[in-house]
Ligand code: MEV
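Form predicted on its own, single chain, as structure tokens, below.
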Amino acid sequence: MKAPIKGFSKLSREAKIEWMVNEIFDGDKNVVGLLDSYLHSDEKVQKLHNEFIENTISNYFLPLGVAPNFLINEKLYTLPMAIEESSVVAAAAKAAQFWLKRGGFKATVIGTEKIGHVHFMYHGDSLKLHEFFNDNKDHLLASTNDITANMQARGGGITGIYLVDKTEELDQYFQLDVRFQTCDSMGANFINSCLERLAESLTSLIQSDNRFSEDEKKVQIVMRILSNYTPNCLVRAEVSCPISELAEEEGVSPQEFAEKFYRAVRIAEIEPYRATTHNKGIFNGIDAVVIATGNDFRAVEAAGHRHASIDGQYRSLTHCSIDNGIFKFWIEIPLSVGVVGGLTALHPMVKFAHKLLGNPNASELMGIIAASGLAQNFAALRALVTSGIQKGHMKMHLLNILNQLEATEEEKAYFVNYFKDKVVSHSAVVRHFCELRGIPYESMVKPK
């Protein structure tokens, strides 16, 4: 980029692109064609996409796959999964098929409470502040009535409000800790609106209260914002069966498989390096469904990773037991998701994803998402303790390599068959590709 630009957001899409072509891409007009090729053919749909964010120049596609045969609480689902990683959908579907014959997944919503805070600074007698809060709690809550009325009519609203003294960690720092039920919505806008109103009411009530001195009345509101850590919005998903019903895996007996699987989970429970990769695999399954259903995968991941370190060390989100001949594998994870509001009412593919799932409510969706994460983790560990992760992963990656090489459909079919009983690696594929086409291997791997 040659120079900064002012007023970029006020430019038309065409002007934004023209500026990028000239300033960043050295006048390469092919950039325009590339960006235009990803626009939706329906102008109304494209306008919808343009308005999701600022400075939209095109669309960015992710594959939307489906994983069928998920039996969850005795109901059969086909899961929508939006993700770019090659083996995720196949692994989830394979795990779903495995557990379909063994009772499927059991999902239980433990709680649906969400949390927000008004962070503020108060210089004065903390006992006086606590006394004031106890006297005015009902007034604070009543100040939000016009915001909460519709949510209350659906069975939600503010369920608790607490004053928290944090002055031992930061001088003068206090919180209003507020708890919410948001029914079928994720509730971020609702929660933040309530918190802003509570902050206004807090300062107004303190300033009109004669128990406080003039200095004590100078309360400073620092922030009013929901927390994406929702430890009381928790779901559990599990699978279980007699060890004898576990299939033999790559020459490994059911008993040996169960023991190796159990040890793999235990390693992730005690070793943070392994736990990080272990949990990343869980989120392969979780994020794919969260994105497909129009929810915030960044918020879900933030809460999940915080939960993984709840005792001060980062650990596995899944757990395993093999007691009295029974193999059990489960996950407990905070999942704050919604099925109304936001993209769920706007994005055509999000609407499709919800319909594909049978239009679940928020609690049902929590269970579906947790089961997806558990399935993905089961598939990964199943491969790791038997054949190794690369066998299945690189088979899926083979097509990506061939697409990079611009192989024909006939060549792709040949290579899939050729590597059926061989180890797939990038260099092996490229080398054999060059041999077939009669071109020097060095010409394909030389630095660009």
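Quick note: we count residues from 1 along the sequence shown, nothing fancier. These numbers come from a predicted model, not from an experiment.
FYI, the form predicted together with the ligand isn't displayed, but the following is about it.
For the marked spot (R274, G281 and A380), a heavy atom within 4.5 Å of the ligand in the model of the complex is present in each of the three residues. Interface residue among V45, L384, L405, L62 relative to the ligand in the model of the complex, by the heavy atom within 4.5 Å criterion: L384. Interface residue among E245, D209, E85, D296, judged by heavy atoms within 4.5 Å of the ligand in the model of the complex: E85. Of the candidate stretches 219-227, 174-182, 281-289, 145-153, only 281-289 has residues whose heavy atoms lie within 4.5 Å of the ligand in the model of the complex.
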